[in-house]
Ligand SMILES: Cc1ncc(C[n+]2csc(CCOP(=O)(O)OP(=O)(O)O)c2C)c(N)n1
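Next comes just one chain, in structure tokens: the form predicted on its own.
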Amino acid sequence: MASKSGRAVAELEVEKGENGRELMVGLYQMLVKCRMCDEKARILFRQGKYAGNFYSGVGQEAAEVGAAYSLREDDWIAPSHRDWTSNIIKGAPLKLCFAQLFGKATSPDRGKSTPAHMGYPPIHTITPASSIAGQLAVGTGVAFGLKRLGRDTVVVSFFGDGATSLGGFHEALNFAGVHRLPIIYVCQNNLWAESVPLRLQTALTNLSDRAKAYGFPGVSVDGNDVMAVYDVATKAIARARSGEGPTFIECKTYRWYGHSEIDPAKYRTKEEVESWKKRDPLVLFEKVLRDKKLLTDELKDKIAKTVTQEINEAVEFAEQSPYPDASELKDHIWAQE
């Protein structure tokens, strides 16, 4: 398992790969795509373009991209309400992602749920549970099924620090440890469970220490360092795929905005927010790429223009798509007559 210090080890491991430099540019492109899509979703919500709510992950992109970027097409993700962009990393078309925000009939669930509940079976992302930590049980169940089928596919389950204080978290990890399931638990520890600070949730310094109780490895990593997260995650994925069981990864990171778009987050100090913004995962990684002469102003502009065009086309598709007809209300749902 990789060192908790992250950076030095990650740099070596990533670059030693057969396509190390191509991989790093790919990670950067995905970071940019997730950031720009998330910021666009925030703007559209504030313009009243869609109902429900939106839970931004801006500031946490390196944790999500680093953990999921190396997954295979047949691997699964069990996201939480804040992981809308995990669908993008796994390969969902942006048109479907924005149609989900707008609740249109062209969305994966044909407009039946809110933006916080996007899953898309063709790419193996599971619709998030409405209850915090609920997706951990669902993801663990999928991992159990995969093991029974004898497949070498794995599950990555995303959740926040608040979920680790709930019973569902402990039940899921205990079951996974007993059965040595092919699952990687990725905690995006952003220091706040809605408005409750981490110091009031647990006496632990590293949440990864919880894994000891369930008999499998836990590691804490700088969640704003995409290469460090990628390095730790690829080792955990390989471990799960080979039948050695689960791993718990704690990514120490920070969300820039409130719990949701209707939360002004007055419980945090301006100094705390600004100090984390200085550790913007995109800016940190851009410096790494420029030092290695892998990123120029020209390439940066080209990537931004390409993503902007993709987003504009996706938003136009979502706006022009119809809302579902009322006659579809009972379609594709389970109900006992």
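The first residue of the shown sequence is 1; numbering continues from there. Given the structure is predicted, the values throughout are model-derived calculations rather than measurements.
Keep in mind that the form predicted in complex with the ligand is missing from the display, and what follows is about it.
Each of 131, 160 and 192 comes within 4.5 Å of the ligand in the model of the complex, counting any heavy atom. Judged by heavy atoms within 4.5 Å of the ligand in the model of the complex, the contact stretch among the candidates 245 to 253, 80 to 88, 139 to 147, 98 to 106 is 80 to 88. The closest heavy atom approach of residue 126 to the ligand in the model of the complex falls outside 4.5 Å.
Within this chain, residue 265 is remote from the site of the ligand in the model of the complex, having no heavy atom within 4.5 Å.
Contact residues in stretch 256 to 279 (any heavy atom within 4.5 Å of the ligand, taken in the model of the complex) are limited to 259.
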